[in-house]
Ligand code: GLA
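Okay, here we've got a single chain as structure tokens, the form predicted on its own, with questions on binding and movement later.
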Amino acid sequence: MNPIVVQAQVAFEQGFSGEPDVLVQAPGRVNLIGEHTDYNAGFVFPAAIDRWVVFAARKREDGRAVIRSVAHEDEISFGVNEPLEPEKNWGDYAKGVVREFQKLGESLGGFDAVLVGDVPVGAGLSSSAAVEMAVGKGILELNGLDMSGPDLALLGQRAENQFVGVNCGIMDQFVSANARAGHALFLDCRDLSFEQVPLTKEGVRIVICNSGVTRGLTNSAYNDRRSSCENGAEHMALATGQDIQALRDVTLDMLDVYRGALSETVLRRCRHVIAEIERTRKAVDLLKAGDLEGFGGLMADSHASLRDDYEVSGKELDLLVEIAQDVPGVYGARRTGAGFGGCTVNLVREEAVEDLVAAMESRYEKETHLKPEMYICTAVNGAECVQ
């Protein structure tokens, strides 16, 4: 049993006396390649990582939910079948999930619960999606309900979009709900078809480097980039006379021919997305063929595109990638997540992990006066009951 699960069990016993009926763990995620493609109907290629949010819960008979967050040292209480409104705090993620079950017409039973997690918050590793999937899976178990992994992911996305008010794509919830241990998940964000792809070679690790810089992509900057993509797709449809619903439908050749229809900024935003969609397809094929060097080369191309065309990197993330690329045994490195701060993801031979950590700790700290946090990860299952 994971230590974080034990911690949740102990916290529940201390807070509510007695053992929980249900223990659910849901993982965070890292995206190997396919950045800012999800809301353009493209492809993403994330893996769930061995950092979790755990939901420990027990039924109660009065129709109320009492949820304690260990990290926030706080508690919320509400009626599970009463109208719910967001309060702009951590509890909205759980309440939003309950609200989505209400909208499906489900009459839920009350519960006491504890939330405990070790997914780093604010690092771009999807702690919020892990909360939504842990709570959602827990509610299904407590109430004897059945729902597919894709449908649970969509429920969590609706909760975040409509209740919390964050206009996220589907990737985070989808991989947290549907991942398989030892695999990355190749997801078509248009029709939600997906494939579990083995992370082939033994002795390869996913190493995440947290820059220590809080993610700086504000809602306005994120919305600006989404707007640029939508603007680009609309203008490409007008220029070509074709049925273009999203940048997924545009090729680089089309973009080059009709580039005059777009502003310089919109052109660069579109170029990143269209090229990244194609890179993601190629990367999956290379991984299946065991070509980790080729996969790593596409990770480098992805980072350069995010830095230069989409402009969502930053000097600290660029430095982390530069350091990693100088370490023998690192196949590839790129920034991951929405933008600016947060983390890089590295695909590394196991025997090179110590060298990578040492290089990061010495050079990065010396040049930035920030101490990087390193997470050496394996790919794990999506949300599941552990009791």
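Note that the structure is a prediction, hence the values are computed from the model and not measured. When you see a residue number, it is the position in the sequence shown, counting from 1.
Heads up, the form predicted together with ligand GLA isn't pictured, but that's what we're talking about next.
Distance criterion of 4.5 Å from any heavy atom to ligand GLA in the predicted bound form singles out Met171 from the list Leu185, Met299, Leu247, Met171. The listed set Ile323, Val357, Ala41, Ala338 contains one residue whose heavy atoms approach ligand GLA in the predicted bound form to within 4.5 Å, identified as Ala338. Exactly one of the stretches 33-41, 53-61, 343-351, 357-365 approaches ligand GLA in the predicted bound form with heavy atoms within 4.5 Å, and it is 33-41. Residue contact check for Phe78: none of its heavy atoms lie within 4.5 Å of ligand GLA in the predicted bound form. Though the partner is left out of this view, Tyr222 does reach within 4.5 Å of ligand GLA in the predicted bound form, counting heavy atoms only. Along 254-278, not one residue places a heavy atom within 4.5 Å of ligand GLA in the predicted bound form.
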